[in-house]
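The chain that follows stands alone, in the form predicted alone, written as structure tokens.
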């Protein structure tokens, strides 16, 4: 299988209309990659695609796509294939962060979290892998996990979110083994607190500044990540510089997981 890194790779990014997904698209664009953006917000996807062209992308396409809907995912990948061919890389990144205690959580909310965070990654990988295998592309898949997939967050009320991220980490390890023989690598990025709209989803607007200050005091590096901090990890994992990495997690959390939970 041949790598397409030197000839304008095609990178498909889910949840690419904002935050880490958008930052990754723009960094890939600066490398001359072709970019396909899938996002539930079609306008945001198109705006990212336009920005990617300005940044130097060899081509860009933004599509509205709900990753919980297999028909939409399949149609999106078909349109991408019609325009650009098979992907070299996939950044399966779309996700939501909705909190709640388990005993109070409606089943519909639980399903929505897992359908978006876990099934959405499954569907993006499923349809992307089919195209990569058919075209015999040796490439790279990166999935977004979380430190919450390894430890319970101190703030609590994140059982469903953490369960989805832990499952993603398990899926990454299994896909890494299954597709290694085809030359396809599968890894995960685990972002810590990052300045994105999603990052403040569970915090009331009037409490954001107080929470930001508290986080900065507790994160060993003393600040929240910017989306570009996480995007640089993703672009690295998508590159041939990590040609011998598969089934791995890169934790980019400012040192949170390395730190004891007590302060003395």
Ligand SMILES: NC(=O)c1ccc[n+]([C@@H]2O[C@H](COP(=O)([O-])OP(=O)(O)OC[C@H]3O[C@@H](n4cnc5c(N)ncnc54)[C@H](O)[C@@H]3O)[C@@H](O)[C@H]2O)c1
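Residue numbers count along the first chain shown, from 1. Model, not experiment: these values are computed from the prediction.
The protein also exists as the form predicted in complex with this ligand; that form is not presented, and the subsequent description refers to it.
Check: Which pick from 180, 74, 135, 96 sits with a heavy atom within 4.5 Å of this ligand in the predicted bound form?
Finding: So the residue touching this ligand in the predicted bound form, by this definition, is 96.
Item checked: this ligand: the contacting residue among 198, 219, 51, 203 in the predicted bound form [heavy atom, 4.5 Å] -> When this ligand is considered in the predicted bound form, the option within 4.5 Å is 198.
Note to self: My question is simply whether residue 191 lines the interface with this ligand in the predicted bound form - judged by any non-hydrogen atom within 4.5 Å.
What the structure shows: Residue 191 belongs to the contact set for this ligand.
Check: residue 161 near this ligand in the predicted bound form, any heavy atom under 4.5 Å?
Finding: Looking in the predicted bound form, residue contacts with this ligand include residue 161, since a heavy atom lies within 4.5 Å.
Item checked: residue 70: touches this ligand in the predicted bound form, heavy atom cutoff 4.5 angstroms -> Taking the distances in the predicted bound form, the answer for residue 70 is no, it never comes within 4.5 Å of this ligand.
Notebook entry, point to check: Though only this chain appears here, would residue 39 touch this ligand in the predicted bound form if you measure heavy atom gaps against 4.5 Å?
Noted result: Heavy-atom contact with this ligand at 4.5 Å: present for residue 39.
Notebook entry, point to check: Heavy atoms within 4.5 Å of this ligand in the predicted bound form: which stretch among 125-133, 171-179, 99-107, 86-94?
Noted result: Of the options, only 86-94 has residues within 4.5 Å of the partner.
Next item on the list: Counting only non-hydrogen atoms and a 4.5 Å cut-off, give the residues of 116-135 close to this ligand in the predicted bound form.
Entry: Result: 116 alone.
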